[in-house]
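Only one chain is shown below, in structure tokens, and it's the form predicted alone.
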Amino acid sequence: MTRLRAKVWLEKDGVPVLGDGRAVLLETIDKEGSIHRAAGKLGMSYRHAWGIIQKINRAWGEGVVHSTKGGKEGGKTELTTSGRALLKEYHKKAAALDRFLK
């Protein structure tokens, strides 16, 4: 049996912002509360994960994560309101495409 497949990503002004891999990184950061832990879970270095976040920020035009430093319980990273909206938009459009392909 054959099946039509497609990859989906969001672009802004012709520049890629978010696709499957970047979405997974943001979701994992949100779940783990840490870029470092998310990167480790995904088998990438912190530096690589940070580079991806910077690419998303530049393409999106806004920061998608907010980090707080150290303290008693250590630092924390969470998605910004804009980051959550971007991820929601990505999933909404990916689901619509998936429904169309089925």
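Numbering starts at 1 and runs along the sequence shown. Computed from a predicted model, the values in this text were never measured in an experiment.
A second form of this protein, the form predicted in complex with a further copy of the same chain, is not displayed here; the remarks below concern that form.
Novice: At 4.5 Å between heavy atoms, is K88 in contact with a further copy of the same chain in the predicted complex?
Specialist: Taking the distances in the predicted complex, the answer for K88 is no, it never comes within 4.5 Å of a further copy of the same chain.
Novice: Within 4.5 Å, heavy atoms only: does E11 come near a further copy of the same chain in the predicted complex?
Specialist: Heavy-atom contact with a further copy of the same chain at 4.5 Å: present for E11.
Novice: Would you please decide whether R84 lies within 4.5 angstroms of a further copy of the same chain in the predicted complex, comparing each non-hydrogen atom pair?
Specialist: Residue-level check for R84: no, no contact with a further copy of the same chain.
Novice: With the partner left out here, which residues of 1 to 17 have a non-hydrogen atom within 4.5 Å of a further copy of the same chain in the predicted complex?
Specialist: Going through 1 to 17 in order - heavy atoms within 4.5 Å of a further copy of the same chain in the predicted complex - the hits are M1, T2, R3, L4, R5, A6, K7, V8, W9, L10, E11, K12, D13.
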